[in-house]
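Here we start with a single chain on its own, the form predicted alone, put down as structure tokens.
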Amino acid sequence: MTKTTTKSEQLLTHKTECLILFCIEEKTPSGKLAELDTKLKGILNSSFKNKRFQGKLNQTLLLNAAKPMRADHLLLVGLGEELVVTADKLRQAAGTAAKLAEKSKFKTISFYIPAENSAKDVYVGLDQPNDSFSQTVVEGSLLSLYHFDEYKQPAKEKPNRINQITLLAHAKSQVSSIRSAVSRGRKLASAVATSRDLISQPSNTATPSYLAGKAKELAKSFGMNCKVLSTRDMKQLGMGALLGVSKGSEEPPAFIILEHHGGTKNDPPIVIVGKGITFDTGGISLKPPANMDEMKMDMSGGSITLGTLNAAAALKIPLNIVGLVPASENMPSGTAIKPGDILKSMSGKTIEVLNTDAEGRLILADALTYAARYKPKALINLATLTGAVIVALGHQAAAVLGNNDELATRLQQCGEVTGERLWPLPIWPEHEKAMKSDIADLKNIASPGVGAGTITAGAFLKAFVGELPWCHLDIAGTSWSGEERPYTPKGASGFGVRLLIRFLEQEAKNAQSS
């Protein structure tokens, strides 16, 4: 990951290849920008006047710096209208600027961090203290510079990469808080990168056993407990739904348990469950071949769970947190489950399998049942569960469903700040009724014509959580991006890590104040 440092120097005397300034949308430069422009003989004002740059969101203007500046280049990046600037717009702008700097073949870049409470420099709508401003800039820039090059042969000419990002403090009094914020931002970006790496790995590498090995590595690095249940363990527990899905594959399943003990010994934990289908062919209900290669990302929920525990431990969040990842392949073979088969889950409930491509909910059924052993104060699961969520929400938001409106609202509010948007969907009695089977307790898909695919999948999961406060995040539309975005690459997004960390930190704060 790119190095970061913090300095307190004047804009004119700071030496860097590219000095980056954030700008609100306006007709003429103001604040620090206007002050700088007087030293640059009006070149910035001229750019505004000629409408080459106006500060619109993610708009950029790259200039060769002139004396008396020591920077080689000056890069302006827009935040949009002042009163509607948000943390995510700042994150986007930082990512946009860092990407442009990298494409411009710079090795070192510097972001100017304005003085706290400076009206024109901190931007009224952001409502962020100085340290949060710095953290957001670090997140956006580091996340935008993510690359997954593990399987590429070394090129004759190495691709350009930014070696160092400097955060330039307005005053020496800022340096300490900025350094702390930079550290937090790096830990979050690193955890997201871990999740992206796992999702990006091809399925012939990222098997259930590989995920289990990575979980053990994370546990060792960050002082967590890790246990991996074998096929034999799962049989003894009666995890017939998870084992049923794994029957078609030669790769053994794994049930990963990762525990961060940050709270007091007897505090009930928050349990996070992530779907870990390392490749999904659909099984006997085979998927169409188009874009099936992307089904290596069907373990995104599991990777986000591991990334979240990574960040929670790195940040030393004072809570007990458990991550559970049921991991399996879903393959067609002579031993695979077939439409019409009935599986007995760990809960004792029987499930009629009408479509083997609705396998994620099967493995989650056993994981949610196992989660109840912890008597958690909250239970959250993440899964690339349904294509229907893309029909409903596109790729702009994940769905949140559950049995606890307060929990869902809090998660949604966290996502608004981190730029990982959630949108609530209901689970009504009609949806739960639609998942009842004629010959078993449940069926894994609703009958044709019922519709509401995302909701009925949630209704199925609800049958395995009892009275526990529970929310399900369907991230099928947000975990993988078909295009580059300001701080998200084409491919794995790592959606959910920062959202969950914000929620967990709020939970820890609430627990300490009660």
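One rule holds for the numbers: they count along the sequence shown, beginning at 1. These numbers were taken from a predicted model, which means no experiment stands behind them.
Omitted here: the form predicted together with a small molecule. The next part is about that form.
Asks: Please identify the residue among Leu407, Ile162, Ala397, Ala358 with any heavy atom within 4.5 Å of the small molecule in the predicted bound form.
Replies: Checking each option against the small molecule in the predicted bound form, the one that comes within 4.5 Å is Ala358.
Asks: Using a 4.5 Å cut on heavy atoms, which of Glu139, Glu420, Glu329, Asp298 is close to the small molecule in the predicted bound form?
Replies: Checking each option against the small molecule in the predicted bound form, the one that comes within 4.5 Å is Asp298.
Asks: Establish, in the predicted bound form, whether Asp280, Thr384 and Ile390 all lie within 4.5 Å of the small molecule, using non-hydrogen atoms for the distance.
Replies: Yes: each residue has a heavy atom within 4.5 Å of the partner.
Asks: Using a 4.5 Å heavy atom cut-off, which stretch among 306 to 314, 358 to 366, 231 to 239, 90 to 98 contacts the small molecule in the predicted bound form?
Replies: Correct option: 358 to 366.
Asks: Does any heavy atom of Lys349 come within 4.5 Å of a heavy atom of the small molecule in the predicted bound form?
Replies: Answer no; every heavy atom of Lys349 is more than 4.5 Å from the small molecule in the predicted bound form.
Asks: Tell me, yes or no, whether Ile445 is in contact with the small molecule in the predicted bound form, where a contact means a heavy atom of each within 4.5 Å.
Replies: Although the small molecule is absent here, Ile445 would touch it in the predicted bound form, with heavy atoms inside 4.5 Å.
Asks: Check Lys287 for me: does it contact the small molecule in the predicted bound form (non-hydrogen atoms, 4.5 angstroms)?
Replies: Within the cut-off, so yes.
Asks: Considering non-hydrogen atoms and a 4.5 Å limit, does the small molecule approach Ala476 in the predicted bound form?
Replies: Contact with the small molecule, yes.
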